[in-house]
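This document starts with one chain, in the form predicted alone, laid out as structure tokens.
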């Protein structure tokens, strides 16, 4: 009963999210306006999945990276370029995108996890910059900062065909993939591997003294995290059907870090909340005062650091614990 009570808010949120297309129709939003809000929510789900992958690396393993966008962008380019230049089918393009991001995570991880402390942050940022500059230099293929577009009309699941031009079906695809990824990561964090990662985060020398192969474990979580970032990239490519070198920049990884800190690192739910909140604020200020959004972002970070150092989820958990003690 206690577990059901704890999970009730999450289950209610999932139910509401699943029926959002019907709710938008029920409140009578016009077609274009309803499609816009659905598209905005879909983008939140995509970036929320990217933030989830970052939370596994940073929130659970304590690895502060600015290279997560590499695997996100590689997956996007894998889908886009293979479809555009080699005529791959949607499933072949998705497979190539995921494979490229996986290989990229392995290659970067071999180098990065060997660098201790703050050097890890610097190495990942430098590699991200190198990959970005390579994409810009190959603008004849990649489109550089202007990007390239591709048309992927649908995904065929045999008995079911999803039209990627239908905002409702794109939304449900994003929601379903996010739910599956969340469930997989939640399970992973509760395995012995997840417990070992938390020990490494808290005290790596002690983990080594206890016999844990910390270097190998950090490499494994780096690859897993990069793979989930690649899954977010696949979803981005399917929904937006666009790739740009800008998606490889370290600033994209920095955004995931901010979303994770605001929502609550090491919680999985927190990054989703932080992404939704800050993406909505970005939408509000993007049309009204674009230059003011960075200022607002800084104020939000200061407020969270002051009032809720553990993020929004950490603050809610502390509040609930205090209520149970009374």
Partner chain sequence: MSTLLEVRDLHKSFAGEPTLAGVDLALKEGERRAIIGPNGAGKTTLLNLIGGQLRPQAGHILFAGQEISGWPPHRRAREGIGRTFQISSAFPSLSLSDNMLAAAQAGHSWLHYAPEARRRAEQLLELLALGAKAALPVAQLSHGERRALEIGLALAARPRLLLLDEPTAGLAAGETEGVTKLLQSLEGVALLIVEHDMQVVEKLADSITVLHHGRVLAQGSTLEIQANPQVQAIYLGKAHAET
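Residue numbers count along the first chain shown, from 1. Note that the structure is predicted; figures quoted are calculated from it, not measured.
One more form of this protein exists, namely the form predicted in complex with its partner chain; it is left out here, but the text below deals with it.
In summary, the region of this chain contacting its partner chain in the model of the complex, judged by heavy atoms within 4.5 Å and restricted to 194-202, 230-238, 108-116, 72-80, corresponds to 194-202. Using a 4.5 angstroms limit between non-hydrogen atoms, residue 172 is distant from its partner chain in the model of the complex.
At least one heavy atom of residue 208 is located within 4.5 Å of its partner chain in the model of the complex.
Taking the partner from the other structure, its partner chain in the model of the complex has a heavy atom within 4.5 Å of a heavy atom of residue 213. By the criterion of a heavy atom within 4.5 Å, residue 187 is counted among the residues contacting its partner chain in the model of the complex. Exactly one listed residue, out of 155, 103, 217, 177, brings a non-hydrogen atom to within 4.5 Å of its partner chain in the model of the complex: 217.
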